[in-house]
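Shown below, as structure tokens, is a lone chain in the form predicted on its own; questions about how it binds or moves come after it.
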Amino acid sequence: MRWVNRHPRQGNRILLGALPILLLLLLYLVLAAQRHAENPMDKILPLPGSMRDAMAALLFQADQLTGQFVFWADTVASLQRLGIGLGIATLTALVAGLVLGVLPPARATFGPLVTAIAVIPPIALLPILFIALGLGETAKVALIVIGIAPVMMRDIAAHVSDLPREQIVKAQTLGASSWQIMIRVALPQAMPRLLHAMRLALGPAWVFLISAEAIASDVGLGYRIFLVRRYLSMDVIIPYVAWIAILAILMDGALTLASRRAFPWAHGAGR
């Protein structure tokens, strides 16, 4: 049997997916042990024990100034900013994508503007946002929205505009208005695509969040990483980066599960 026709079973897929991660962890442990054998004070590749001790203070000891547990305060602050930004961007992309996808005049008028905004590097707008909106939460959330919303709009608009023309003609034959076509025909088919667009936007959203927190913040995962880097505290940076990766994976998995449960027809169920 050719490899192109081999489909691993569920248990085998989990094992195969975990294997590269385990190999990377093993490689890290070997390299870290070698560096510490040569220099016990090495900070570049900390051993698991030093990372455990460093994170224990952030996890279980309250900060003397704020009284908060630093790690959890950073996590809550970052997830709140990310959730608000992703929510606003998703709602904006859905509404604008439906309008642009269903109405050709709107697509001809505003499509070039959305394209122009989408190709602007959002990080380049960060100083403008901080000057215009200040250094508070608004600018951080705005960076996430500006960074991912235009790309999501283009994706939804393209998906909706590519719907079979027969569906639009049939809806009009039955007396549907443009509004009804948008809500009854385009919206149900755009929802699975919207969740897929959210999954693709998670990575860039985290990048924009970390960038904003690194420049102007006093709490957050990105703020903590850039705060301790001046001390070469890799025993804090590496666990924080791993935690961000875990959060991103959990969010991606939740969106995938939601899409499969809510729209099984979009994933080939029953084929």
Partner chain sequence: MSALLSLRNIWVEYGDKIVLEKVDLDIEAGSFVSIIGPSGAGKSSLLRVVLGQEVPTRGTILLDGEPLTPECGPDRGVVFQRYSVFPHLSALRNTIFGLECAKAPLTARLFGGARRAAAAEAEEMLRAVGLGDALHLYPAQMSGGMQQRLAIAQALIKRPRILLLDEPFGALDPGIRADMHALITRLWRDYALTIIMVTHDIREAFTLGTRVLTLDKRRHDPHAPHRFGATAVYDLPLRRTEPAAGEDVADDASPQDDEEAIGNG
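Every value quoted in this text rests on a predicted model; they were computed, and no experiment measured them. Residue numbers count along the first chain shown, from 1.
Although not depicted, the form predicted in complex with the partner chain is the subject of the following passage.
Only one of 83 to 91, 126 to 134, 172 to 180, 100 to 108 has heavy atoms within 4.5 Å of the partner chain in the model of the complex; I'd like to know which.
Stretch with heavy atoms near the partner: 172 to 180.
Which one of Ala96, Val185, Ala139, Val114 is close to the partner chain in the model of the complex, taking close to mean a heavy atom within 4.5 Å?
Checking each option against the partner chain in the model of the complex, the one that comes within 4.5 Å is Val185.
With the partner left out of view, is Ser161 within 4.5 angstroms of the partner chain in the model of the complex by any non-hydrogen atom?
No - in the model of the complex, heavy atoms of Ser161 and the partner chain never come within 4.5 Å of each other.
Is there a heavy atom of Gln189 lying 4.5 Å or less from a heavy atom of the partner chain in the model of the complex?
Heavy-atom contact with the partner chain at 4.5 Å: present for Gln189.
Just give me the residues of 142 to 168, first to last, that have a heavy atom within 4.5 Å of the partner chain in the model of the complex.
Heavy-atom contacts to the partner chain in the model of the complex: Pro164, Arg165, Glu166, Gln167.
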